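Just one chain follows, in the form predicted alone, and it is written as structure tokens.
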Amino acid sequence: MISNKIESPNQSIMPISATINDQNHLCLGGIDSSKLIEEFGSPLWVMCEESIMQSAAAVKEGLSAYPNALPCYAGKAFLCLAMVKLIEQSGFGLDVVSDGELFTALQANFPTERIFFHGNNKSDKELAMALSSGVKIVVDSSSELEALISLAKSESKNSEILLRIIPGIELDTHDHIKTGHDTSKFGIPLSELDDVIAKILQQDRVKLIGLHAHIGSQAMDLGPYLESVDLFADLYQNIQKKFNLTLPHLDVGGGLGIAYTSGDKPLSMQNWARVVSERVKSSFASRDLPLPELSVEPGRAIVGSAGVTLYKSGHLKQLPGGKNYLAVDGGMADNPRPITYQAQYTAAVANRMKPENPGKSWSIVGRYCESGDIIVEEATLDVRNGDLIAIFATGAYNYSMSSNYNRTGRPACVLVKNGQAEVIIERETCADLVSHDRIASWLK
């Protein structure tokens, strides 16, 4: 059960359900992490349902004073059939960015009226799938609009759309996760917006319902969001005056950060949602505009802190000069974020949470054939061969970005809640790895 006091899990490195038992072991969802490894194997992704649902509740609490809000979950952070069911139960909408993500949502019978299809290079196949399923489409470019109009006519389908704009607003974050700056690959330049809207208004089957922007990821500051809201209000006012068109929906994006280390100080989800929605109310009211239905789209903030990756420690290597390597049985294939954009994490010895000895500095490295396969550059741990290593805040993008590098299978993922644990993503086997291989006829 979720406690009556709504907290903000994104501000905690560990999941809500994380505890230490009498054996000095990390427990997740009321289950000893060692027992999770015994039953489900290693490496293992563990997702805490309580953290996910509490995060969704926190966002909804922050939006509670806004008269018409539809918070959405950005599925790219972590998506599978079970996650879709949790999002549906939370009352959220769902953002998808590919035919695979949309198919997953449809397989789980998620309400199509609450699905938004994003992406900067949707194929004709994906657009046709979006049209046939009746989801809302977030158009990313004028050329995509042309393709959508053509398909809508040929398929005799109608579509409600939003336009993703480039707001020209930057977050103080890694370059690879900035998306709102003027040279972003995502969105329609503001200089093209009037022409695009004029084109839409000439169409019978495509209806513009709003604008969307997403300024980046792992945000720790409200300022850029408030600046974005004011820009939206100006744009909605100009559209009303120029086209006599009142847009009924506004999507201000997501990107709220989480705590990966003790140095990260993210905003609470309640405060973020409350302040942003209050700014929408004041900005639109000051321009005599009706309040639109408001969407925010957190992804990382919903699932990031809910996830823990469990590894078994392998060989310990102590080099001359004091460099110590702790190798684990996973790495960059199940967590490519450190090698991709120098992401930082917090580690612990899960079977000895309160160290017996002072420990020493270790570089936690993966098993893969890359020098950059480093999960944590420096962690002070009292570790031994065969220990269980927990890496916290791995719920977002680890599974989504994982690979079969070095021909290894992806780990299993289990959902934990109140002493229960069930697999929601099966571990890939060696047989799975060759299941799509084919030998050319002339090689047989």
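Predicted, not measured: the structure shown is a model, and the values here were computed from it. All residue numbers refer to positions in the sequence shown, first residue = 1.
This protein has a second form, the form predicted in complex with a small molecule, left out of what is shown; the following refers to that one.
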May I ask whether 212, 217 and 299 all come within 4.5 angstroms of the small molecule in the predicted complex, judged by heavy atoms?
-> yes
Check residue 256 for me: does it contact the small molecule in the predicted complex (non-hydrogen atoms, 4.5 angstroms)? yes
- [ ] Please run the contact check for residue 274 against the small molecule in the predicted complex: heavy atoms, 4.5 angstroms, yes or no?
- [x] no
- Task: Verify the contact flag for residue 399: yes if a non-hydrogen atom of it lies within 4.5 Å of a non-hydrogen atom of the small molecule in the predicted complex, no if not.
- Result: no
Give a yes/no on whether residue 76 approaches the small molecule to within 4.5 Å in the predicted complex, heavy atoms considered. yes
Of 187-195, 107-115, 231-239, 334-342, the segment with heavy atoms within 4.5 Å of the small molecule in the predicted complex is residues 334-342
